[in-house]
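First comes one chain, alone, set out as structure tokens in the form predicted on its own.
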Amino acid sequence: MNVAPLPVGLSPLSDAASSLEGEEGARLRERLASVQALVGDELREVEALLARVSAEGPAPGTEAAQHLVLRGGKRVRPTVLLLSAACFGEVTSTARALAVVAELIHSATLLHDDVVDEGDERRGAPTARRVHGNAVSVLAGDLLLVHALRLTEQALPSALADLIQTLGSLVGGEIIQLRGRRELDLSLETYDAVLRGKTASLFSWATRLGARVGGASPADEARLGAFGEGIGVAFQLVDDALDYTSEETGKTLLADLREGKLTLPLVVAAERDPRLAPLLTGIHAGRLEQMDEVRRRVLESGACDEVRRRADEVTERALSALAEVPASPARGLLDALARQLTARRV
């Protein structure tokens, strides 16, 4: 069976289908073919609307915004929103608009994060702050947030309160993470607060709102929200592991460690290797020459394997929540997407 090229948002599944052999690969290719018409056109519309919206406003803010937005990305958040809507009914223009909102918010946080973290590379290219400067990059992120709020008000005013609460979680998680710049904190509780605020909250919003506009019952909307939170947690856990194991993520290797961010591989490795804590304290104080030694110890501790194991566990719990939703092609694709995101190696 031949599968036509998919939009940007479904590229993780397309890659999975082409790499898998035998019965498993055939099943995924068949699933892709059966649901492509369901969300493929919608994702293309989302991509076009993203380009139009990010171009609205004064330059150079729009230029900095489009420097990031037009480079693509996985588009996971809009994809899961559209699929969540498709689980229960037609993918409407409201669902497409909210899918754009999800990506606008994600892009805004990336523009802000790269300034806070002094990031140099994003999606395989220099960050917007390096090209346009810190001030413009921050304001470009603000511009995208304004577009997101305005688009939500136009598409579904009742979703504004939920979105504002999610934005509060995002900012709160960022602030908790930023505290790590001043004081090294290797507690699992702090890491979990950052993880659920910065990453999982937007995933949960996307799947929950997608289900809502698709016509889901309150119970099914809650199940999709739980699924979204779970895949958001797993997504970040895998990202944290990749910061130590992959050179193909599109950002600087060991970026999190250099920026003083607390990640689960560090937490787990520090529990297993008492010699790590003094090295981390040294890096926190600016002695970056110790980073290679820290990476070696983290890898030798098996922490990245443990983080991936935990990501698998979280994914399975998320899939259990999803399994309570009525069966449909869209639900099958959400299942496959969740598994592929957790299994990725780049």
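So that there is no doubt, residue numbering starts at 1 and follows the sequence shown. None of the values given here were measured: they were computed from a predicted structure.
The same protein has a further form, the form predicted in complex with a small molecule, not shown here; the description that follows concerns it.
*Asks:* Just to be sure I understand the contacts: of His147, Arg223, His112, Arg75, which is the one whose heavy atoms reach within 4.5 angstroms of the small molecule in the predicted bound form?
*Replies:* Exactly one listed residue reaches within 4.5 Å, namely His112.
*Asks:* Identify which of Leu184, Val171, Ala155, Val131 has a heavy atom within 4.5 Å of the small molecule in the predicted bound form; exactly one of them does.
*Replies:* Answer to the contact question: Val171.
*Asks:* Consider Gln236 of the chain shown here, and say whether it contacts the small molecule in the predicted bound form, taking contact as heavy atoms within 4.5 Å.
*Replies:* Close contact exists here: in the predicted bound form, Gln236 approaches the small molecule to within 4.5 Å, heavy atoms only.
*Asks:* Taking heavy atoms only, is Glu229 within 4.5 angstroms of the small molecule in the predicted bound form?
*Replies:* Heavy-atom contact with the small molecule at 4.5 Å: absent for Glu229.
*Asks:* May I ask you to check whether Ala108 falls inside a 4.5 Å heavy atom distance of the small molecule in the predicted bound form?
*Replies:* Looking in the predicted bound form, residue contacts with the small molecule include Ala108, since a heavy atom lies within 4.5 Å.
*Asks:* Should Arg196 be counted as a contact of the small molecule in the predicted bound form, where contact means heavy atoms within 4.5 Å?
*Replies:* No, Arg196 stays farther than 4.5 Å from the small molecule in the predicted bound form.
*Asks:* Only one of 266 to 274, 86 to 94, 196 to 204, 215 to 223 gets a heavy atom within 4.5 Å of the small molecule in the predicted bound form; which is it?
*Replies:* Among the listed stretches, the partner-contacting one is 196 to 204.
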